Each structure stands twice: as structure tokens, then as C-alpha cells.
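First comes one chain, alone, set out as C-alpha cells in the form predicted alone.
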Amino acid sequence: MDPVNQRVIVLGGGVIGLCSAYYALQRGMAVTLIERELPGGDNCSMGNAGMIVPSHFIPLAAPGMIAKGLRWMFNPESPFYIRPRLDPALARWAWLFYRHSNAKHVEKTRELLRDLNLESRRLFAELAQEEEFGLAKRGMLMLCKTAKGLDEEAAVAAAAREIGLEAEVLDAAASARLDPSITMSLAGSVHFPQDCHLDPARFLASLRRRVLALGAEIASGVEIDTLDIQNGKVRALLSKGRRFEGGHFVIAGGSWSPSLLRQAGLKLPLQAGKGYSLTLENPPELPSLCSIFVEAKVAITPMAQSLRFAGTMEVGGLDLSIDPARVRGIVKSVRDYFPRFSETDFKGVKPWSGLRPVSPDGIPYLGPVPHLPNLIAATGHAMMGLSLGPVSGRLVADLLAGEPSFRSIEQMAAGRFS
């Protein structure tokens, strides 16, 4: 049996937790993974758009986001909504988001996001050599319905090229030639050839098989409610009489992380951003590339013979209920860009919802919790959780092993708002 002080306890069965467990196991560490869901259960990683996005080097907190958010707030079908409530944590998060929504912040963080996504892309390709999970390295199209949208995306493409990313601005005809399997109604698009896509459910199943094969213990259907902290270290995670002891602990619980981290003295600014997806099993047409409707903020991903549409950012606490108006907004946008589709194609399709953990500056939290050297926080990835899964897991393993990472991650410090 492994000595208790050598065991790593990973809390979280989503992509960040599974990748953390996988790379720790690869370093020869003993790992126990604790997950809220039962085996085969649904979590925020399962129903997302499945995109790997070096193109997403601009953080969510960026110039113009406040103005867009205020405009969208009063449209029940819009891509963004904050449910008003008297909550000091929400007020703090909103203030910090406002403080970071500027060009200086984008300039300061864009190389970090570029490097994280490119390294994660490399790790995905490495993992795909061992077991197939539907990785498609075909790039992504940012589909622009309007000339204004295309001009804005062309500016993003220019900024991408400044930091060494590949990006090409296409007119409507060139966009159609790149993906002739789908009929599009566009002003044009921007092609990011380094982006990829996959089926997140297949990827998570593959990860789960790997960690079990490497000897991990998995405790499913367990909700941790207490940290046992003694003499400046975490000794165990507790759940209704069950005790999980270890020498190192990783909190990768997504939107549920802050409540536990508060027990560790860390008031982590983080809000749950609910997103929705709908998956058509037999779509009228099937594109070969993943894409994003720029003006509607909807992501589209082919997965084998099915097609997934995902979108919205609804900040409203730990609430997974479905708002029909938000779903309707996604469905209504499809015909604008893909004219061969109609709203009846979505009849009977069950919407999925998941809670993305959103930091106020658009940068994940990844690093030791201040004053508790054996506790690591790994959360706050927002819409890039799947994309940054492998690199986050490897960075966690580097921290656990006390080894240098492939680049500085000081900007991701868990205590940066303390």
C-alpha cells in the first residue's frame, strides 16, 4: 500500500482533474481521483464544443466586453446574461472583470494564452497517437455574417499573426471552397489552421481508461464538504464520514471549487458561467471544419456524423436549469449562417447545460494556494477548459514533482487577487 504522505488526491472528474491525475500517474505518483458524478455522469466537460483553440489568445476580459454585455443583458435570447442578485462575491468578480477589460491586459496575457493552447495542442496530438478519440486537425473558421464582423475578425487575425499564429482572412467564396460540404451565408470568415476539434465524451472516456490502467483509485459520486487542515498543511478531504488522506491535494472542481478553497483561506473570485449545447444526430449538412458564428457567439463542431451547436454565457450561480429563451437564441441563429438548416431540425433535441468556471481576468487559476504548500488550485478555465486540459494537467504534475514548467505561469497564480 502506498504511504499516505506520497499519495496525490485530485478533486474533480472533468477534463482538468483527469488530465492532472494522468500526468501525475505518468510521473510515478499514486493518485486518488474524487468526482461528484457517478461513472458515466455528465459534467461541464462532456457537452462542450470540443475545440482546441490557439486562436483564443484574447482573454474574456477584453476591450468592448462591458458595452456588449450591457447591450445583451436586456435580450432574453442573447449570448450573455448576468442574473442580478445581492451577492458580494458576484460584485467583486464584476468589479475585477471591469478592471481587466482593457487593451493593456490583452497585451499582457496574449502570449501566455498562445503558449498554453499551442502546448496543449501538442499534447493532444501525443495522446491521440496512443488512443484514438476523434482528434481532427483541420483548423477553425470564424464565420462573419456582416462586413463589420469580418473587419473586427480581420483585426484579430492581424494580432494573431503578430504573435506568430497562423490566420487567413477569406471572402465568402474562399470560405465556401475551404469547406464545400456546408452551405454558408456569409460576408466572409477568418481561418485559423492551427485549431482542432474532437469529441469531448470520447476524450474523457479515453482519459478515464488511461488513469485506471495506470493504477489510479477513483471514488465516484462523492461530494467533498470539508478540508482537514493541520499545522499549515492539508491532511485530508472529508465527505460524510469518508476521509481521503494524502500528501498532496489538487482542487480541480470547476465552478464548485471556491467553497472549498475558502476553507483554505483563499477567497477565489470565480463565477459559474452556464453554457448550452444541442447535438443533431442527423444534420441536413455536415461541415468538415469546426466554426464559430461571430455575431451570434455560437460554436459548431462536427463529431463523427453528428453536429453540435454550443453557446451562451449565463452567470447565475450553481444552477443547471435550462432557460428556453437562451436555447431559442442558439437555434434561431443557425439559419442565418447555414441556410439549409431550419428550426424544425432541432425539434425533440434535448438541450445540455454545463457550468464553466470563469475567472474575472479570463486567465485560469493554476498554482499552490498561499500558505498551504501541498494544496494546488486548478480551475477558472471558462470556455477553454477542454482546450487547456492536457497542458493544465502537465503543469499540475510539474508542481507536484517540484520541477520547472515549460514556461512561467506566474500570471495564473491562485492567489493573485488576494
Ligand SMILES: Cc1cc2nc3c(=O)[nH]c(=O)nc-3n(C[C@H](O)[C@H](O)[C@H](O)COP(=O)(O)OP(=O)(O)OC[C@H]3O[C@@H](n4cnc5c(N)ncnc54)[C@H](O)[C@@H]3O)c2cc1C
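This structure is a prediction, so every number in the text was calculated from the model and none was measured. Residue numbers here begin at 1 and follow the sequence given.
Here the subject shifts to the form predicted together with this ligand, a form of this protein not shown in this document.
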> Out of Leu375, Ile34, Met29, Leu60, which one falls within 4.5 Å of this ligand in the predicted complex, going by heavy atoms?
Replying inline: Ile34
> Which listed residue (Ala216, Ile224, Val334, Leu127) meets the criterion of a heavy atom within 4.5 Å of this ligand in the predicted complex?
Replying inline: Ile224
> With the cut-off set at 4.5 Å between non-hydrogen atoms, does Ala21 touch this ligand in the predicted complex?
Replying inline: no
> Does Gly311 reach this ligand in the predicted complex, with heavy atoms at most 4.5 Å apart?
Replying inline: yes
> Using 4.5 Å between non-hydrogen atoms, is Cys144 touching this ligand in the predicted complex?
Replying inline: no
> Does Trp256 make contact with this ligand in the predicted complex, using a 4.5 Å heavy atom cut-off?
Replying inline: yes
> Taking the partner as it appears in the predicted complex, which of 154-162, 245-253, 341-349, 96-104 has residues with heavy atoms within 4.5 Å of this ligand?
Replying inline: 245-253
> Each of Pro54, Gly139 and Pro390 near this ligand in the predicted complex, meaning some heavy atom within 4.5 Å?
Replying inline: no
>> Going through 255-281, which residues have a heavy atom within 4.5 Å of this ligand in the predicted complex? Please give them in sequence order.
In response: Trp256, Leu260, Gly275, Tyr276
